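One chain comes next, on its own, written out as structure tokens in the form predicted on its own.
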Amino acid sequence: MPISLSAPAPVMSQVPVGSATHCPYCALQCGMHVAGGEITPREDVPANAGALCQKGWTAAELLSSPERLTTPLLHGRPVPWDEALDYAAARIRALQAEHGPDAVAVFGGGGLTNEKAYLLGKFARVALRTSQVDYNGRFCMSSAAAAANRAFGMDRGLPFPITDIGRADAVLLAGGNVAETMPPFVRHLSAMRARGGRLVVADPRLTPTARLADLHLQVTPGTDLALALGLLHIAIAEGHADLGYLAARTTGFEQVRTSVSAWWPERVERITGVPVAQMREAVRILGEAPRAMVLTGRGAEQHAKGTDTVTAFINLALTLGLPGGEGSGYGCVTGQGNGQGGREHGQKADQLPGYRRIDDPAAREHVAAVWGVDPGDLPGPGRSAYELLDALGTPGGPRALLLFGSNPAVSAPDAGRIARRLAGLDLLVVSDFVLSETAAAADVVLPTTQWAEEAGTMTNLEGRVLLRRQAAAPPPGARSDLEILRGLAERLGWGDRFPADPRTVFDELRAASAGGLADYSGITYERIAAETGVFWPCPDTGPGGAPHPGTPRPFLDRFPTPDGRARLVPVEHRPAAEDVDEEFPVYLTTGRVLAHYQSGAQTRRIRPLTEASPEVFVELHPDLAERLGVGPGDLVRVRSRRGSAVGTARVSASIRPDTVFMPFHWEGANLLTNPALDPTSRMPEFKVCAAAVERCDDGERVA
């Protein structure tokens, strides 16, 4: 029997409308007003408190872009909606009849609202009955999520309000460049430093964030895990371990103490390139601070050992006694707009709504009851994101893909290989509002609404559930992803199970999440609007009960593990999956730039942003540039074992002499990156691979 909540919304309700909404880009989800095509920042959202970055200020330009899609495309030909949906549904039925349910796969995105992510996972498992569903968040936060679950029993990017950062006395940021990726985040670091706090940044490049730091640890790409082990060794050896906290609130310290005894700082210096004196200073800064934080970003996480790397940094935080206190702790600087909520409610291969495991019988029974299906009819775990994409069109792999909110032809590692996999499908259906590189290869393209043209909820990096109001009318012809899923479900015989109204979907999500780790059952649109967001977990208290206040700091008194204690887990450093050699003698690392976001499908269509950063570039050290005979502005070719790409040289002493950097917002960088996977999180090794660099002739763009 479907589960109901104590105060359900009407079955059909009006979509929230108003100018107050949130930015379409990163996981800060900065508050903004959108009115008449103009954007102004909101003061009431703590993440940005009146600030916006260049991307946020210009976000409204895409709403009126001449490149907007407003008519479905069938093999490149404009067609009516019914024709496009009829064709897609017929092909789905035919392929599943011939090859089974798993012949059709679904791929989602970390920018989808909670309602879309939830309904997409439900559509895969109920309407399609396929296990083949995952999302691009696997490429972003999955290593930190796996490590946090292992250590704390729960993954929430920042298990504290972002304003706590300003109350800290020291922060170690490993592998994060927030000054470019989410500039309003810097105001919280600045507040900390204004109080006399110290900032330590670990990064292979002297990024704009590292320039703000009191101490920059310029680590060799792929050696963050060794650095974390060395810092922990020093913390224990020099008396910074909080033995009282460790005894009262953790398990596993003695095993970790033994395991890091071999990681003396001189050994770590040889591996990482970080001087022993700098490591000791970093530990002193953290260990002597009354309140300190350890934060990780993609630079530490996007490795084939990313889970163990984050675990090592969590071990450091736990040894120092940080997690749980106000102004102290460990956190992951989540990247994508709804990277947090997107991984909580069912579009991951191994999860059901509420952060439930799909192989847990009790979880299957609960969610199946909400969905009105037999638990035995729900499929089991499927392939992770890269494995799913790499299986497309191969013997035993999916023959069709439905894709929402992602552009893997640019964003996937070894992207040339993935583009070939997409081309080999019998059916590719893409929902998008512009013709991205992936949409351009699709059999069916369905024009969808944008962030300001629809309502829904997002969960930012703090675990704060926020409300996006509809602030602009969509162009005629565009439909929301919820309407698209309902249209497909109707043609597959499940139309009555897939509402298109976001509030109705959210109330179903509340019921499905009830009792799970990510419990949203006590959250309503009205509460979010009145309180400027509600922190999960927030269970429903039942009729007549006082509303649950939400949980801004879930680790204050205990951790959500069976014994209430956090777990320290021994881990060992291992080399990058692909090290440099004579043929490929330099490290390639990738990342973002200030003006662009993710695959650039949005930002590369906004004039001020393309003027600020018009093309792919290759950053290299002056010593390397001199050896290659390369000057600023020259074209250089970067090669790896997977392909090659060309960019304009930027010569800068801010990068290591053995390393080159390329942004991944254009086709190019991910033609080179290594798809080696973390054994736990299935995260690809985006952040380091072996490469060769050479000067090339003017005008040459591909090898």
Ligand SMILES: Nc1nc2c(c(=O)[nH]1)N[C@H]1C(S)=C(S)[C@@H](COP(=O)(O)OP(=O)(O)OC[C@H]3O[C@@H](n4cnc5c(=O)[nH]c(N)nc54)[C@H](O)[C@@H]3O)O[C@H]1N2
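Quick caveat, the model's predicted, so the values are computed rather than measured. Throughout, we count residues from 1 along the sequence that is shown.
What follows is about the form predicted together with this ligand, which we do not show.
- No residue in the set 149, 257 and 329 has a non-hydrogen atom no more than 4.5 Å from this ligand in the predicted bound form.
- With a 4.5 Å cutoff on heavy atoms, residue 180 counts as touching this ligand in the predicted bound form.
- Taking the partner from the other structure, this ligand in the predicted bound form has no heavy atom within 4.5 Å of any heavy atom of residue 160.
- Contact check for residue 116: a non-hydrogen atom falls within 4.5 Å of this ligand in the predicted bound form.
- A residue is said to contact a partner when one of its heavy atoms sits within 4.5 Å of a partner heavy atom; residue 609 fails this definition for this ligand in the predicted bound form, lying far away.
- Exactly one listed residue, out of 121, 323, 591, 354, brings a non-hydrogen atom to within 4.5 Å of this ligand in the predicted bound form: 591.
- This chain is displayed alone, yet in the predicted bound form one of 132, 143, 431, 457 has a heavy atom within 4.5 Å of this ligand; that residue is 431.
- Of the candidate stretches 485 to 493, 334 to 342, 390 to 398, 228 to 236, only 334 to 342 contains residues with a heavy atom within 4.5 Å of this ligand in the predicted bound form.
- With contact defined as any non-hydrogen atom lying within 4.5 angstroms of this ligand in the predicted bound form, the contacting residues in 379 to 415 are 404, 405, 406, 407, 408, 411, given in sequence order.
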